[in-house]
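A single chain, nothing else alongside it, follows as structure tokens in the form predicted alone.
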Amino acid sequence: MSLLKPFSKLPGLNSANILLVENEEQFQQSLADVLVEETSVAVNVRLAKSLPLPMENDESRPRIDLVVFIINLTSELSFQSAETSLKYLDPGYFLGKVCFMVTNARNASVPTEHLDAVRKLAASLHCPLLFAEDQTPDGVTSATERLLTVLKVAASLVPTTTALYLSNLTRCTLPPDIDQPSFD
């Protein structure tokens, strides 16, 4: 039960390693299938339901360049799992190597409080917040393209751009009235 550290291992040559963390594993597998089809760089995808990762294969595990927490807004357990998993990440990951991906944001049955809670969490950690449509193949492809852009920067595969720089450009910010009650 140790912390996952971003710089404890050497990076691979022209490769990127991504860890997808989702409690329900609904969107995770379809996203992973599209990610490994990338041809410009070798993408290794690791899947987990939650953190911490098991200690038994820690030596053979590659360096994780990007950790993506996939949060399904229709499930309160999904948000709670992501929130509790955060404590198993080294603070170095929050310098551009963590992002949150939200699914089902357009669902009318989702309370706005769930989305506000995720936005507050991402803003408090200065992490990007991506929205994805998980019901259609085009939505999965679009989410994959956005994730690949962030992953290439986090893995230092884009010259003159660092993960910290990208993190500052894409981090989630809160409007000043986020804590005010809505009048819908």
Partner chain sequence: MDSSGNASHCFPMDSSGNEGNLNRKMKTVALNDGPAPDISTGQKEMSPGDMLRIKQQMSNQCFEMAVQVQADKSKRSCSTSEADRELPDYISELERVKTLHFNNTLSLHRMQMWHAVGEKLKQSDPEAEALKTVTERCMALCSQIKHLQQESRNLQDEITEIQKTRLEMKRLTHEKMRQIEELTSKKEHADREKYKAVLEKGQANLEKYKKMAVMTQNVLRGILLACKINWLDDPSLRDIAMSLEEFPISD
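Numbering follows the first chain given and starts at 1. In this text, all values refer to a predicted model and were calculated from it rather than measured experimentally.
Another form, the form predicted in complex with the partner chain, is not on view; read the next lines as being about it.
Contact between L66 and the partner chain in the predicted bound form is not found at the 4.5 Å heavy atom cutoff. Looking at E59, you'd find every heavy atom of it more than 4.5 angstroms from the partner chain in the predicted bound form. The closest non-hydrogen atom of V45 lies within 4.5 Å of the partner chain in the predicted bound form.
The shortest heavy atom separation between V118 and the partner chain in the predicted bound form exceeds 4.5 Å. In the predicted bound form, the partner chain lies within 4.5 angstroms of at least one heavy atom of each of the following residues of 5 to 41: F7, P11, G12, L13, N14, S15, E25, A32, V36, E37, T39, S40, in sequence order.
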